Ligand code: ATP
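Okay, so here's just one chain, in structure tokens, the form predicted alone.
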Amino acid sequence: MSHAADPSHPRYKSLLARGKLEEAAEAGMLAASALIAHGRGEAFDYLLGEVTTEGAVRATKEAAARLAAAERAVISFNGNTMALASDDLLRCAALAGADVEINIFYRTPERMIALMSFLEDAKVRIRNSTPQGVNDDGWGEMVDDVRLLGASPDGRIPGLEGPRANCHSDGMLAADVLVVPLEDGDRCEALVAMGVDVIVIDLNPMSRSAKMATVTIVDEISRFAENLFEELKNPGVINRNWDNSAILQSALDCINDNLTKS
């Protein structure tokens, strides 16, 4: 993708993200409300200092441990996620042996074609470039094993109404660990009720999805994706006494500290 963001600008990364979203919108990948959702997240990122906090690091390590130990892991994509972090999340899926499933609320045939095409191109791109620290001999096969789901959902999430309930029966519906970046609360609640370990990335520690998730990473999606990939190279063990409320409180404490300093 090309964009006009100036690398010397003090908020270059933010401008870069906005440029990617603008191009994704022009390509028909995003719903009309996508830029509003991104702006809401940016507001919380300001309050967090636009950095990955210590709590987010701990939560990312836990996410990596659960993904690595999963029998059926799935990473869910929406349009914003794809525009901002598709390559790194596909790399994470390859390392974790996970599938990828597009699951969106405003679903149209045209939008799904655009999203699937973008994801297929990204898969080819990452296959042809072995990341540092990964065995070159096995990388291509690991990427090939990542299934791209979402085009033909044949199942529904129990207890959830509307288009977001549609999913693949051998994908999201069969998952034991599910990563759902930029999630909405009622779907998160329904997935947890199914017994799924739900890993949510949400910059708002007070959101319903952040509170309902098994593991919440209060971080920006592209930073999380980069960090998760590094953790998956050498994942730890699952913390069976994981206290997600403590992670949310640590994010709120960070926001409060930043407000006090200002």
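Quick caveat, the model's predicted, so the values are computed rather than measured. Start at 1 and count along the sequence shown; that's the residue number.
A second form of this protein, the form predicted together with ligand ATP, is not displayed here; the remarks below concern that form.
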If we define contact as a non-hydrogen atom of the residue within 4.5 angstroms of the partner, is R40 a contact of ligand ATP in the model of the complex? yes
Contact with ligand ATP in the model of the complex for L67, defined as at least one heavy atom pair within 4.5 Å: yes or no? no
Using the partner position in the model of the complex, report whether G185 sits within 4.5 Å of ligand ATP, counting heavy atoms only. yes
State yes or no: in the model of the complex, is some non-hydrogen atom of R208 no more than 4.5 angstroms from a non-hydrogen atom of ligand ATP? yes
Single option in I201, A213, L228, A59 placed near ligand ATP in the model of the complex, where near means a heavy atom within 4.5 Å: I201
Of the residues M29, V196, I221, L232, which one places a heavy atom within 4.5 Å of ligand ATP in the model of the complex? I221
Hey, of 232-240, 213-221, 46-54, 59-67, which bit sits against ligand ATP in the model of the complex at 4.5 Å between non-hydrogen atoms? 213-221
